[in-house]
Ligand SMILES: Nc1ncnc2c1ncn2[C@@H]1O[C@H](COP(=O)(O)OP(=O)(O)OP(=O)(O)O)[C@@H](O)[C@H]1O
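Let's start with one chain on its own, the form predicted on its own, as structure tokens.
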């Protein structure tokens, strides 16, 4: 049985301008100890999908209107509030992209980690503090006893992000959801954070869902990739196959737009057009206004996600 199984998830935003289908019929699964990347342009529904996994979407205006999210056999969508509180930060940990908004500036980082430990594991104050120091050591922070007594503003960006990762891991979660965990960091710190996540996954067997727009991060860390566009899942493939043989025109465009040494003397390639407004999606395939392979049927019907061989699933009429 999969650790996480998302089936036909639909999240709508009910706004003054109409209904926005932020996540529309997304399905994927994750086994224990494996990692899944969710990639796409800003506004494609990545973060809304991640927040839905723990029912953290802002209600209202957002609401899960259909589908299921089964975590370790339980459906998160129908889960009671007390059970959700026991799940969040305990069996599912989350890393947010800006550590300064994840940490309370008036409490030391040790107190903040220890609070989560006391809440979920019911440890004594001394035992929870000892666990906080242990976690800081686990994520590679030097002199963890000193850092546990420090306030967030006294730490560098990379150190704060390690603290946030440590806080997410404090209760030994089965699943770690990382939403753009390296966006605000320079490349050297980014590499250290990715290596840390890779090491922790190997040591603890934690399943990881990585939300990002950075294909380099995806290539470096995950086993499988979900590509989203305008709320829809357009391609799902093992990471090596996705980079070696991308099938969907949108995935191909994303990979072509990544700067490389080979393209440094040439114009940077882009995907023509822009993402359609969230409240006014085109009929049929949502990528059809920007697609070079567009057909008449692309304007009329949404393409189904079909098996394309080699473990790849793709939603494109030109490939069926």
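Since we're looking at a predicted model, the values are computed, not measured. Numbering follows the first chain given and starts at 1.
Below: the form predicted in complex with the ligand, not depicted.
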{"item": "Location of the ligand contact in the predicted complex, chosen stretch of 42-50, 283-291, 250-258, 25-33 [non-hydrogen atom, 4.5 Å]", "value": "42-50"}
{"item": "Partner contact for residue 20 in the predicted complex: the ligand, 4.5 angstroms, heavy atom", "value": "yes"}
{"item": "Touches the ligand in the predicted complex: residue 111 (any heavy atom, 4.5 Å)", "value": "no"}
{"item": "In the predicted complex, residue 13 touching the ligand (heavy atom, 4.5 Å)", "value": "yes"}
{"item": "4.5 Å heavy atom contact, residue 180 and the ligand in the predicted complex", "value": "yes"}
{"item": "The ligand in the predicted complex: contacted by all of 2, 175 and 240, heavy atom 4.5 Å", "value": "no"}
{"item": "Listed residue (271, 64, 278, 69) with a non-hydrogen atom within 4.5 angstroms of the ligand in the predicted complex", "value": "278"}
{"item": "Contact residue in the predicted complex, chosen from 201, 97, 192, 90 - any heavy atom within 4.5 Å of the ligand", "value": "97"}
{"item": "Stretch 202-216: residues contacting the ligand in the predicted complex, 4.5 Å heavy atom cut-off", "value": "213"}
